[in-house]
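The chain that follows stands alone, in the form predicted alone, written as structure tokens.
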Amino acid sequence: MKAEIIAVGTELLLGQIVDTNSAYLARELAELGIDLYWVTHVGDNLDRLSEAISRGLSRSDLVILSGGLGPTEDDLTRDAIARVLGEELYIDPELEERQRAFWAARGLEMPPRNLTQAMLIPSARPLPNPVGTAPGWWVEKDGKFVVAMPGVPRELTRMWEHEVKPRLRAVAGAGIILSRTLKVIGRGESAVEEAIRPLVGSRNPTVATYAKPDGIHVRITAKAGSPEAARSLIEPVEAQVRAILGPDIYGADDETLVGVILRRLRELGWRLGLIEVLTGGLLAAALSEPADAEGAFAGGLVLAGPSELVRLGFDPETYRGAGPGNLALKLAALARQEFGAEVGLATVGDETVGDWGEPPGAAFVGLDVPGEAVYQRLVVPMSRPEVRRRAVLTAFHLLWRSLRERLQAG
């Protein structure tokens, strides 16, 4: 079965809200073994929405719409489906009674416009919505399916789980799409793809690479009749990917780089202290976000520049001759001292600590752990936010690699 999603609402096109519904539905469709090929955003315009539905039905077996089921004049999903299918809207007596009862239970008179939410077409069956006023539609016609659900995420999620998913499972037949994602750090996307190129042409499972903020993701996706069968297809390919990229794979699926780092710190019985002159608290924010960060992350100092270092009794000019890399090392050592931690991590950049004769976009990460003190230089000739983002990833990579080696050494 081929499916597509149409997310309805002008606010989506204006960037006023983020379309989380389509991402949720995409994952759910994969779980059912239904192929999703298109996702479309359409504003509150009857002609354009009708065109999108018509196009969807011409190329897909299933069209899922989210949004446009409210009672206002710009809620046009019902009208568009009716127009495309050539059917007349009518007020369903049972739905009208439910609408009136909803308002009466609250001691209010139902606004006349809310009668639109009691409308159906002959091909549609209502989908109950106990957490909202807008019922959904389940439409079957000429071997095609149209599902319309509210755009409010909690209403859509509840309707999908209880009303739509069981029906789709029955009509779509057996089968699922299962994915396994391996997460890589320390290599660029092109380098990762080149390394696993013989596997990228695989048809089932498929193998693809994606550049993400936390590194490169390698996704292995299989389609089969059961989860067990899908896993049996994925496992030998995963073993091949791990044989090629193993030293640079830090996690899989829902594992995060920060989560892995915190876990390794706890395994070693170590705590981490930070001093950020370049990254503006980005490292501290990421490390303190997990609920279990306490005990592994001791804390951090976020400094705006050289004057703040001086106020700490630390004069960066003292290290000018040694260069910014050595300044990063000294700050990492200071971070250990300030927080009584076993690990110190620091970030500095050319523009934050003075003129070091470095090119624009130069950044330095210092790491101080028992028996080891290293720094890494990177040059990112881009915007300041991008320099900071890359410095964060470099810092986490340097830290992750050091912790991994310590654990491997026993």
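Nothing here was measured: the structure is a model prediction, and the numbers come from that model. One rule holds for the numbers: they count along the sequence shown, beginning at 1.
Beyond what is shown, the protein has a form predicted in complex with a further copy of the same chain; the following relates to that form.
Checklist entry - Is the gap between Glu372 and a further copy of the same chain in the model of the complex 4.5 Å or less for some heavy atom pair? => result No, Glu372 sits far enough from a further copy of the same chain in the model of the complex that none of its heavy atoms falls within 4.5 Å.
Checklist entry - Looking in the model of the complex, any heavy atom of Arg388 within 4.5 Å of a further copy of the same chain? => result Arg388 belongs to the contact set for a further copy of the same chain.
Checklist entry - With the cut-off set at 4.5 Å between non-hydrogen atoms, does Arg242 touch a further copy of the same chain in the model of the complex? => result Looking in the model of the complex, residue contacts with a further copy of the same chain do not include Arg242, since no heavy atom lies within 4.5 Å.
Next on the checklist: Can you tell me if Trp137 lies within 4.5 angstroms of a further copy of the same chain in the model of the complex, counting non-hydrogen atoms only?
Outcome noted: Taking the distances in the model of the complex, the answer for Trp137 is no, it never comes within 4.5 Å of a further copy of the same chain.
Checklist entry - Given that a further copy of the same chain is left out here, which of Pro126, Gly251, Pro71, Gly259 has a heavy atom within 4.5 Å of it in the model of the complex? => result Filtering the options by heavy-atom distance leaves Pro71.
Item to check | Listed residue that, although a further copy of the same chain is not shown, lies within 4.5 Å of it in the model of the complex (heavy atoms), from Glu308, Glu267, Glu161, Glu94 | outcome: It is Glu308 that has a heavy atom within 4.5 Å of the partner.
Checklist entry - Thinking of a further copy of the same chain in the model of the complex, which stretch from 225 to 233, 242 to 250, 102 to 110, 85 to 93 has heavy atoms inside 4.5 Å of it? => result So the stretch in question is 102 to 110.
Checklist entry - Can you tell me which residues in 228 to 248 come within 4.5 angstroms of a further copy of the same chain in the model of the complex, by heavy atoms? => result Stretch hits: zero.
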